[in-house]
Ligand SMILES: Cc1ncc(COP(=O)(O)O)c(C=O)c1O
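Listed next as structure tokens is one chain, alone, in the form predicted alone.
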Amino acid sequence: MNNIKLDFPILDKKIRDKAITYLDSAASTQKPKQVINSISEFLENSYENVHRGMNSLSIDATDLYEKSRDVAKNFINSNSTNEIIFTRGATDSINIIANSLAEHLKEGDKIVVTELEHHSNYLPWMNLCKKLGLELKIIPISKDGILSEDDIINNCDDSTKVLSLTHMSNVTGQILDIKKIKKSINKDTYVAVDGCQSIAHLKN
């Protein structure tokens, strides 16, 4: 663990003469020196418009950009780099998904989310339901803080057009069996998965 800490320059910093113990990585992860150096290297030597120029800098920047897409593809075991879309973050991604699905939804359709969701996985769907006259169903957790996969499945009926849920909760640590849920509900239901916490810890 101490060797890993050496990769993070900010952990050398002291606050009131005390070493930093950083516990907020679920929200904002500190950057190791490899990432900091890579960004610095790019800004110093390759920065230019991506996909918009024929000069050497632009070509280099585009090449690095597309290589990073390939790295992401391999990391999440995606089928193609065409499935990798860069956004500003998970909140931006969920808003894009919600806005994109608006034209496919009509009054009376249902959107299902869970009580385990991050705030950013409520507001876009709440706004969409209010705008289009949709039903928003929030699956509650038990008194022990557990979310039942069967409750999710049983609340997804033929009127459910969207199911948006976290894979791993940053609050309780619960991991949902997404494959089981997806296999048990209507195949035409759009399933949006927040994988922010699970992507760094699970292989699939």
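All values derive from a computational prediction rather than experimental measurement. Throughout, we count residues from 1 along the sequence that is shown.
As for the form predicted in complex with the ligand, it is not shown, yet the points below apply to it.
K.L.:
Check whether residue 196 has any heavy atom within 4.5 Å of a heavy atom of the ligand in the predicted complex, and answer yes or no.
P.N.:
Close contact exists here: in the predicted complex, residue 196 approaches the ligand to within 4.5 Å, heavy atoms only.
K.L.:
Quick check on residue 27: any heavy atom within 4.5 Å of the ligand in the predicted complex?
P.N.:
Flag for residue 27 set to yes.
K.L.:
Even though the partner isn't displayed, in the predicted complex is residue 170 close enough to the ligand, meaning a heavy atom within 4.5 Å?
P.N.:
Looking in the predicted complex, residue contacts with the ligand include residue 170, since a heavy atom lies within 4.5 Å.
K.L.:
Can you check whether residue 78 is within 4.5 Å of the ligand in the predicted complex, heavy atom basis?
P.N.:
No, no contact at 4.5 Å.
K.L.:
Hey, of 128-136, 67-75, 85-93, 98-106, which bit sits against the ligand in the predicted complex at 4.5 Å between non-hydrogen atoms?
P.N.:
This holds for exactly one stretch, 85-93.
K.L.:
Listed by sequence position, which residues of 103-138 have a non-hydrogen atom within 4.5 angstroms of the ligand in the predicted complex?
P.N.:
If the 4.5 Å heavy-atom criterion is applied to the ligand in the predicted complex, 103-138 yields 118, 120.
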